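Listed next as structure tokens: two forms of one protein chain, kept apart as structure 1 and structure 2.
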Structure 1
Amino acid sequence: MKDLLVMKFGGTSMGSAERMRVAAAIIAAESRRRPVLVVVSAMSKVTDQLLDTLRHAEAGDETGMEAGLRKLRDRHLDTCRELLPAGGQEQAMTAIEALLADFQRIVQGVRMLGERPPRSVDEAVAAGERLSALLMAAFLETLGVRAEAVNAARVVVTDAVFGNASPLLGRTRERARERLAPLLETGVLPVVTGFNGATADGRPTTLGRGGSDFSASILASVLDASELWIWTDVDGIMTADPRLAPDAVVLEELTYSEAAELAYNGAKVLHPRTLAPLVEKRIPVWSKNSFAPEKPGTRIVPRVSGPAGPRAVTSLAHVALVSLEPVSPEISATQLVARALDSLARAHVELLLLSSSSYRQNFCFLVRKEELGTALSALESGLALELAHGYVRPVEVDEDVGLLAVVGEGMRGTPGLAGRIFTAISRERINIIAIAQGSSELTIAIVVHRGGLEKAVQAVHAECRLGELARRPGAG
């Protein structure tokens, strides 16, 4: 759609009546200039509370379950009272109660079953976004902006991988044309729930934690938006996580590839899959701070000018390194790698890094801790014979590690950079355990001892002078 602006507001930007008012003012101002579609996250911490409530239910802990339900109800009803004028509250409150009753019904089911089927969890956790969309749409109406809350389960069509679904863009485009375009064309602003979708036959799914960014990029792509603005609680994408490196500064511009690498390697500011739907259509993205809307934020574009080199450093703490080593000529390292990767792929385990040594033919890979159990069972069954015959050493796992990644287009053009990064880490007496550099040379990934991860981030940030180099003269 011509000139369409898609804006996504994250959990902190939707975190209270006051924050919703600020977000609504931004939305109202933009909607006077061009068509706008809004994607919202649940209010901050609500998704965690929904999941906790389901866990209490699974464990049969009635007290925890009731407390969780009460907290959710109080938070949303209080926000409703604070946000909406007295006359407009009743209808919104009835809708809130209805959504919470749906959630409670699933919670009761989980308690009776004593387990949390992934399908039910996905249906249940979408309540957070449905509640916040409802409040935002109702408040926009009071500002004179015609708005309608839309459940993305009716628009975003996904596969059936519950908890981490992938969109089917063709089907989603059709649904968006049927359900969102008519609203936009008649001047109604859709407030769409982030995070959730549904299979083509209507089973509710979610796109993974932090997935509302991805929801917004999916909708921007299928509706041919002219821009996507992602509103969060920091001034943009920074040279490092500001919680780890206090001297981190905001980057003016990044390429899609750089932003995707950063997100993939732990920069929580963007969901890792956000950029993929936008690349082909070259839809520009802005990461902006709803607490300081006047600041320019970071622009993510296909290409940037200016010198190549490292742009930012990021890290992932909850990871584990798994090592495998053949000990018999019965199996070559290539066969071992092939069998191991095949088993991991079948189990849908995502490898964050892969590294091998040619002499001992040892190879290791990094996975998220949540996926470690699945990875190990996949290896145990996939390599059952080799392990039983002793052709392969018992699988080794190191959970006391962290991943650090330095990202920048064309770091290849910076001689000696890898050496400087390794020296900076070693100077802090931090053990480097494994290293990988993709052939694109966009990222140098380093596994270090977990205890040294934060210090390593700071050391690399300082060594590469990322805080000083963030502003690229001539970029634009």
Structure 2
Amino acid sequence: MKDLLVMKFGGTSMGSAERMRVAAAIIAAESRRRPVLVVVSAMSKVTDQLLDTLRHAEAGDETGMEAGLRKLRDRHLDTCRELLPAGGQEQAMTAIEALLADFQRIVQGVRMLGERPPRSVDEAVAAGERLSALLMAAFLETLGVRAEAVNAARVVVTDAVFGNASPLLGRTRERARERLAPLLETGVLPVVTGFNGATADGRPTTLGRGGSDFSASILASVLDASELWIWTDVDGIMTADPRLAPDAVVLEELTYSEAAELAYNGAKVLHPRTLAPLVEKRIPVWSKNSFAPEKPGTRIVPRVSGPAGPRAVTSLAHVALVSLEPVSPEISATQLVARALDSLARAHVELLLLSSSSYRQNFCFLVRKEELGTALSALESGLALELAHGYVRPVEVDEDVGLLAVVGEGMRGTPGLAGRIFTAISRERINIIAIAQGSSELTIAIVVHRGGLEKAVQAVHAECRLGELARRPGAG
């Protein structure tokens, strides 16, 4: 559809009746200018409440289970009463009760089984987004905006990797044209659930935590949107976490690659997979603050003007470094790496960094701590023979580490940059444990001891003058 704007509102932007009113005012204003499709997250903390209730059910804790259900019901019914006029509450409340009854049915099934099947978890946690979509659509109607809540399970078609599914864009395009295009063409604004989808045969899936951004970009792509606006609670993408670097500033512009690398390496403004569906169609993205909608935010586009070099530094603290080493240099490290990576891929473990030596042929990789157990199990299974016969030394794990990543297009054209970065870190007496840098030099990833991570971020931000550079004309 021509000039379609897709807008996504995160959990804090949907976190209360007051925040929903602000979001709805933004939506209503834009809908008077052009066609709009909205994607919503669950209210802040609701996904955690849903998962916590499922955990109580799995453990057979009926008291905890009932308390979780009560909290969910009270919060959404209270929000409904505060948000909607008295005459419009009854229908919305009935719909809320129906959605919560579906969730309760799954919870009871988990309690009876004593386990949480991934498919059931995916169906259950999507209740948060469905409740948000219902409330937002109902409130938009009171503002005179024709709106309809749409469950993305009826639109976004995915593979069957429950908990972290990937979209099938061709089939999603067909479903979007069948389900969403007719609404848009008749002037109805779809309010679509973020985060969830379904397999082609209808089994519910989710796109991973924070996947509402990804949902929005998928729909923007398949509907050929002109823009995607992602509304959060910060002013845009910054040169560093301002809690670590007080002089950090908002970047006016970033490339798709830069924004994706920052998201992948810890910047929480975007879901790491958000930009992939948009690149081919060159659909621009804005990261904006719903708490300060007058601020311009950060624009993400194929290319930006300005000098090459570092644009931002980001970090991850909750990570673990896993190391493998053959007992003898005569053992093929290439085969060992291949076997290890294949095992990790089969377990859907995401690697943040991979580094290796030459002579000793040992290598290490970085994973998020929440995936450490899965990674170790995968390695123990995939390398069972080598470990049993002593061809490979026992797997070593260091959890007292952090990841720092310096990101910027064309850093290859900045002579001595890597040396300056390493020197800045060493001046703070911080030991560098591992380094990885791709041939494009888009990212320099560095592993340091966890206790020095914050100082390392500050040192690199200052050395590269990121706050100062971001303010220069043509630099952002």
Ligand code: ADP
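Residue numbering: sequential along structure 1, first residue numbered 1. Basically, rigid core = biggest C-alpha set you can superpose within 1.5 Å across the two forms. Quick caveat: nothing in here was measured; it's all calculated off a predicted structure.
Where the criterion is the form predicted on its own, structure 2 meets it and its counterpart does not. Remark: with the core as the superposition reference, the CA shift of Lys71 between the two structures stays below 2 Å. Once the rigid core is overlaid between the two structures, His348 counts among the residues whose Cα shifts by 2 Å or more.
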